[in-house]
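A single chain, nothing else alongside it, follows as structure tokens in the form predicted alone.
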Amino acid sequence: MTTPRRVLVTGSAGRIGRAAVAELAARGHSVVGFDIRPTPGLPADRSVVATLADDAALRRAMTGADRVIHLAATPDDARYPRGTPPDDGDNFLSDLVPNNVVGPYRVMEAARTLGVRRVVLASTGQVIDGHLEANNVPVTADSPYRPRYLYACTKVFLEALGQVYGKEHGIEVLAVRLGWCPRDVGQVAEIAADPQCQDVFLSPGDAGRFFAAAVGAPTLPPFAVVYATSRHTHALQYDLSDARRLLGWEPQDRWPEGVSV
């Protein structure tokens, strides 16, 4: 029987956030959502509407939590590949730095000062995208970084931040390199057109079960990196063995199960 936990989920109104909230609540955990929009499925008193820049709101939402799942982020580069000048802007300073660099620091600082024992950080397979391009698969947790672009660079920072807080402050930090859980019909079409994308697909159901396993695992090391995708169709892209070993988690779905948006 899993011990009921009080869990804060940032980015709780997003595609993966909603799946995590629903699965955690179904397993008896007390869930608080934190997002720039109300979180579906949560009552108003447990759905905090604020940005990561609002330290007071973040700390109120985290008070009493013993698990934090940090999903809130700008979800990708504004454009990739870049255009040619003058049509070559990016969203690094405007969105990626405040939300994906400063935001995680605020989350980890709040967790440190409030005594949260475990933080799960949402990273991305984009940090090792170069290995997929080179067909150097399955990629393992200790494969060197080969980031896709600027968004992926912020997730490299996220993982390094988690490693530091795990080592220095006694927090169990799990960085999960998530597969592709499509947010709209356009992304569904992109996955449908590319066999490799189908192999890094992550269904909402598998995502929810992953985060429930991450919350419920009795103990974790100070820092670990794992991958989370649904079952592959063509070729295994990410090594899922560490998620199995540390969490007892196995994906159940395979593209296109659960893909409806």
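Residue indices: 1-based, along the sequence shown. Computed from a predicted structure; not experimentally measured.
Omitted here: the form predicted in complex with a small molecule. The next part is about that form.
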For this session: Please determine, with the chain shown alone, which of 129-137, 115-123, 160-168, 142-150 has non-hydrogen atoms within 4.5 Å of the small molecule in the model of the complex.
Result: 115-123
Exercise. Is there any non-hydrogen atom of Phe210 lying within 4.5 Å of the small molecule in the model of the complex?
Worked result: no
Problem set entry | Partner proximity in the model of the complex: Thr51 to the small molecule, non-hydrogen atom cutoff 4.5 Å | yes
For this session: Would you check, heavy atoms only and a 4.5 Å threshold, whether Ala235 touches the small molecule in the model of the complex?
Result: no
Exercise. Is Phe92 one of the residues lying within 4.5 Å of the small molecule in the model of the complex, judged by heavy atom distances?
Worked result: no
